[in-house]
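Only one chain is given next, in structure tokens, and it is the form predicted on its own.
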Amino acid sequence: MSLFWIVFRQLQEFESMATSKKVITREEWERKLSDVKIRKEDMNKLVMNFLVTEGYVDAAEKFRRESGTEPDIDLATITDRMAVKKAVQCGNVEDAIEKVNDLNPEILDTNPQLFFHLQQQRLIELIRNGKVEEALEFAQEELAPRGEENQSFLEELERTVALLAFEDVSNCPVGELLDISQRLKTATEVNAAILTSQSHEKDPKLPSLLKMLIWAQNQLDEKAAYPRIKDLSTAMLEDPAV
């Protein structure tokens, strides 16, 4: 991420300068980039961190063999974690809960919010499948007692049960609960909890660095015209607008 450091250093330099913008040519910018030395080992660790956190176990194993970069957790645990995530994404919440407990029972025992959201997802799946009576019984027995102890849980429960009042969910104000994005949201929360239980960062470092790059460029835009990256997918430098 040498580009980030160049942008950040340039931003610091311009903090003490006049308000008029300085123009930095492509040649000067590329020279600054070439002067920044980033160790290959650090870049490899960044890649491995992304693969491990996002659950690309096969890619992580291949990258370990090719680069010699060792992950900071047992790669076998990734397969188990991804099985939990996939179960939630497919709507098999009961199976996901069992798999989480097999991995580490303390994850749900010490995280009431996560457990509630998994139970809420179970309720959503019952409603999705048209099991109205079973959904009402499950909400009353499993979720209502938790709602009595936590106001935010109660509000989420009420929003979920509201799905039963609409035959056409497309006109339902809480219809987004039945979207696949809701499953993905719950799966992401479970994935993060498992990673935390394994003393691993719950989010990969690479996206955070890219966000920092965008922030630094936005700050530098106010002080200088320079070759900036507009499209992060290509990382192509654009000539400065004079």
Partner chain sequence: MVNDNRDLGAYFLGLCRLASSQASGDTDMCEEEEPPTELNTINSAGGFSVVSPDKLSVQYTSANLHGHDVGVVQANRPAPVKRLVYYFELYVKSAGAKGQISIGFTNEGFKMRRQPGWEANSYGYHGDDGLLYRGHGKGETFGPTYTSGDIVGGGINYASQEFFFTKNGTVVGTLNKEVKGPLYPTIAVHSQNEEVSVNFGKQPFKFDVKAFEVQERMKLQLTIENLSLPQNVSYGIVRSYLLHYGYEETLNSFDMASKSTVPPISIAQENGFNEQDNMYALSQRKTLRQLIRNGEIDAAICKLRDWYPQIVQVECLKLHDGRSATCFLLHCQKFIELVRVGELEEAVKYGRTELSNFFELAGFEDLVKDCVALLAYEQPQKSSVGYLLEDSQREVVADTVNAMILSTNPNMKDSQGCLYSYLERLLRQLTACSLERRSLNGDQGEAFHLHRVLNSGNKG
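It should be emphasised that the depicted structure is a prediction, and the values quoted were computed from it without experimental measurement. Positions refer to the first chain, counted from 1.
In what follows, reference is made to the form predicted together with the partner chain, a form of this protein that is not presented.
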Inset, instruction - Have a look at Q182, Q217, S197, N191 for me and say which one sits with a heavy atom within 4.5 Å of the partner chain in the predicted bound form. - result: Q217
Legend entry - Distance check, L210 to the partner chain in the predicted bound form, heavy atom within 4.5 Å: yes
Inset, instruction - Examine D58 and determine whether its closest non-hydrogen atom to the partner chain in the predicted bound form is within 4.5 angstroms. - result: yes
Inset, instruction - Using the partner position in the predicted bound form, report whether E27 sits within 4.5 Å of the partner chain, counting heavy atoms only. - result: no
Inset, instruction - With heavy atoms only and a cut-off of 4.5 Å, decide whether E176 touches the partner chain in the predicted bound form. - result: no
Legend entry - Interface segment, criterion being heavy atoms within 4.5 Å of the partner chain in the predicted bound form, picked from 102 to 110, 82 to 90, 143 to 151, 120 to 128: 82 to 90
Inset, instruction - Using the arrangement in the predicted bound form, list in sequence order the residues of 41 to 73 with any heavy atom within 4.5 angstroms of the partner chain. - result: E41, D42, M43, N44, K45, L46, V47, F50, L51, Y56, D58, A59, K62, F63, R65, E66, S67, G68
